[in-house]
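Presented as structure tokens, the chain that follows is alone, the form predicted alone.
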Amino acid sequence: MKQIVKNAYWPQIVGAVAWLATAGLTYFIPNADDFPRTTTFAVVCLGIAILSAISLPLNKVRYYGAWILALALFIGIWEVVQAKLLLLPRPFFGAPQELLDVFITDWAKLLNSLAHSMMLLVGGYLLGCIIGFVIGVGMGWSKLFGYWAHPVLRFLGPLPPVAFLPLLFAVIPSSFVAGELLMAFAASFPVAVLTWSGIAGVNPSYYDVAKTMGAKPLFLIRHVAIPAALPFVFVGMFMALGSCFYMLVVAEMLGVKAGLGFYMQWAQGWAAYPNMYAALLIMAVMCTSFMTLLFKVRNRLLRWQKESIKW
């Protein structure tokens, strides 16, 4: 399928034409209201059309030709519906050029909010993954550890982390630290459960072979149990990342006075909906970037299991 898409030139060609048409209708058809950056947006669309045309020989770009076309059609329809015909109520719905204006005029505040969100997300996520991994290994390897940890995990794990929000913000003076602890709690449960499942499901014959060669318990954990359980660990890490994205927005909207969630709440309070949509777009790019990075780390660490991994 991928080879067929790479050999198809027409989606990218039509996509370049669609971007050119979007640039033309943006510039030549008058707006129904006073929308900023209309000329700049037309130039951007023209630039994308030119880049799509000159990158036609590149297989990696041509693979996304259908997406180039779909995005051009979406932007073009959005421009006509809102900027030219004003069919959607303002200020709740803006035009594409208003979104561009936000990125040009408010880029410093958006960049600062992104930096705060990334610090909060990375700290809480990594802390939760480490705690969950240690608990999962302990439960999967030691029956004594599992005897004490299993009831606690079953009791606290299913609780939504947002339920602890008022308590943590009341007990911990720093809202940033409280937000990180919330995300660590959200991340630790899926990582612990999947790591436990992976360790407990290791084929006993692996241990037998290692023991015949004189392997000690610590060696069995580090070189047999953990490598065999890594696919399960990464499933838990992906689930934990999704939970942390959710908790990031909640924490920033309700307590942490910085970040993209706080910026979105501020924009909504002032009815600056284009700013809110810009923050949503940045958050989507941030989330998919973290997912892509985690996939690359997984593929790197599990390259020896490449044939058995189907996702």
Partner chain sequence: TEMDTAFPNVGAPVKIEGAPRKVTLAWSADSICTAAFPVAQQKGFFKKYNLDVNFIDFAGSVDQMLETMSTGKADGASGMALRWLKPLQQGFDVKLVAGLHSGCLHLLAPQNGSIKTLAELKGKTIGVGDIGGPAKNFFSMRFKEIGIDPEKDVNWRQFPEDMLPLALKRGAIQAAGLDDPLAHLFQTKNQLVSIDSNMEGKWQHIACCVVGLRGSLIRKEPMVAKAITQAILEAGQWVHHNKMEAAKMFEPYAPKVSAQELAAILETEGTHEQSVGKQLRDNVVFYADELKKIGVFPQSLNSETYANKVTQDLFTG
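Just so it is clear, the structure is predicted and the values come from calculations on it, not from any experiment. Just so we're on the same page, rigid core means the largest C-alpha set that superposes within 1.5 Å between forms. Residue numbers count along the first chain shown, from 1.
Separately, the form predicted together with the partner chain exists; it is not shown, and the next lines address it.
Interface residue among I172, I75, L126, L110, judged by heavy atoms within 4.5 Å of the partner chain in the predicted bound form: I172. Using a 4.5 angstroms limit between non-hydrogen atoms, L165 touches the partner chain in the predicted bound form.
Remark: P217 does not count among the residues lining the partner chain in the predicted bound form, judged by a heavy atom distance of 4.5 Å or less. Proximity of V256 to the partner chain in the predicted bound form: non-hydrogen atoms within 4.5 Å are present. Looking at F35, you'd find every heavy atom of it more than 4.5 angstroms from the partner chain in the predicted bound form.
Residues with any non-hydrogen atom within 4.5 angstroms of the partner chain in the predicted bound form fall in just one of 172 to 180, 78 to 86, 129 to 137, 110 to 118: 172 to 180.
Along 73 to 103, a non-hydrogen atom within 4.5 Å of the partner chain in the predicted bound form is carried by R90, P91, F92, in order along the sequence. Core-aligned CA deviation for P204 between this form and the one not shown: less than 2 Å.
Superposition on the rigid core between this form and the one not shown places the CA atom of R90 2 Å or more away from its counterpart. Core-superposed comparison between this form and the one not shown: the CA of V171 exceeds or equals a 2 Å shift.
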